[in-house]
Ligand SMILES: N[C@@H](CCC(=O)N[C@@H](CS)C(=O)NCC(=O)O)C(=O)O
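Before any questions on binding or motion, here is one chain by itself as structure tokens, the form predicted alone.
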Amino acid sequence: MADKLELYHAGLSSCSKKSRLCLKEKGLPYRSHFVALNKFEHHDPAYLKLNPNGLVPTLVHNGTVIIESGVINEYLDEVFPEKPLRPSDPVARAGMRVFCKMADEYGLPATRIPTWTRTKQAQLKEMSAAEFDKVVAETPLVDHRLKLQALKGEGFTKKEFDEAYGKMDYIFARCETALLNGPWLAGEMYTLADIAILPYIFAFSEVRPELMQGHTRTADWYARIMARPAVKATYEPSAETAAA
């Protein structure tokens, strides 16, 4: 029986792009299910049965559910070893995982502060108290509930923005140093590290374009990776992302 892959995603959201890019780089066909975050479809009971965190993306492989974009990508590379995206050398693979961890622990929270302010705040402020309370009550993760409450109120604080910008600086600096050792973040091989970090460099450069000017190796890496056919197919608007 042929493998059946389905991806529930939100088009051009950062974590959705991570797993969509992994699938496209590996040439794996999948059925696309768009989840409209602005309609809170990620809170639907049917979706929460798949992903109790109420997050995107979610992979379903022959009926088995895998959640968390970084975990999804390692799973795909392990189950479908053709066109590998992980180094065979244990040291290089460890270096790759450091960047994947950095993407989750630094990249994602840094992106949320400016992105949620731009994409969610106006919608939340227009909601009635009852509508907003329902959205908060249906949000599984406590840190997300707190962020929604902040946006409904006065927004994120200067301290939160400063912390986000500090994380952006840190990731750019780490990329700049890593790229001294090869054309890609884990060395000579294009890996899941590059796929994991890319959506955050993309987002950071939109918020703070001056970061690219001060990190020339990272800017060169960014230009090269954005020219890859799979990246273009993932990052550019398409029929798959039209609902975004």
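All residue numbers refer to positions in the sequence shown, first residue = 1. Fair warning: this is a prediction, and the values are worked out from it, not measured in the lab.
The next section is about a form of this same protein that is not shown, the form predicted in complex with this ligand.
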Task: Contact residue in the predicted complex, from Lys134, Lys120, Arg97, Lys152 (heavy atom within 4.5 Å of this ligand) - done: Lys120
TODO: Name the single residue among Leu28, Leu50, Leu211, Leu37 that comes within 4.5 Å of this ligand in the predicted complex, judging by heavy atoms.
DONE: Leu37
- [ ] Tell me, yes or no, whether Ile225 is in contact with this ligand in the predicted complex, where a contact means a heavy atom of each within 4.5 Å.
- [x] no
Open item on the list: in the predicted complex, is there a heavy atom of this ligand that lies within 4.5 Å of any heavy atom of Glu68, even though the partner is absent here?
Closed with: yes
Open item on the list: Does any part of Leu55 reach within 4.5 Å of this ligand in the predicted complex? Heavy atoms only, please.
Closed with: yes
Open item on the list: With the partner left out here, check for me: in the predicted complex, does some heavy atom of Arg112 sit within 4.5 Å of this ligand?
Closed with: yes
Open item on the list: Looking at 201-209, 37-45, 173-181, 186-194, which stretch has residues with any non-hydrogen atom within 4.5 Å of this ligand in the predicted complex?
Closed with: 37-45
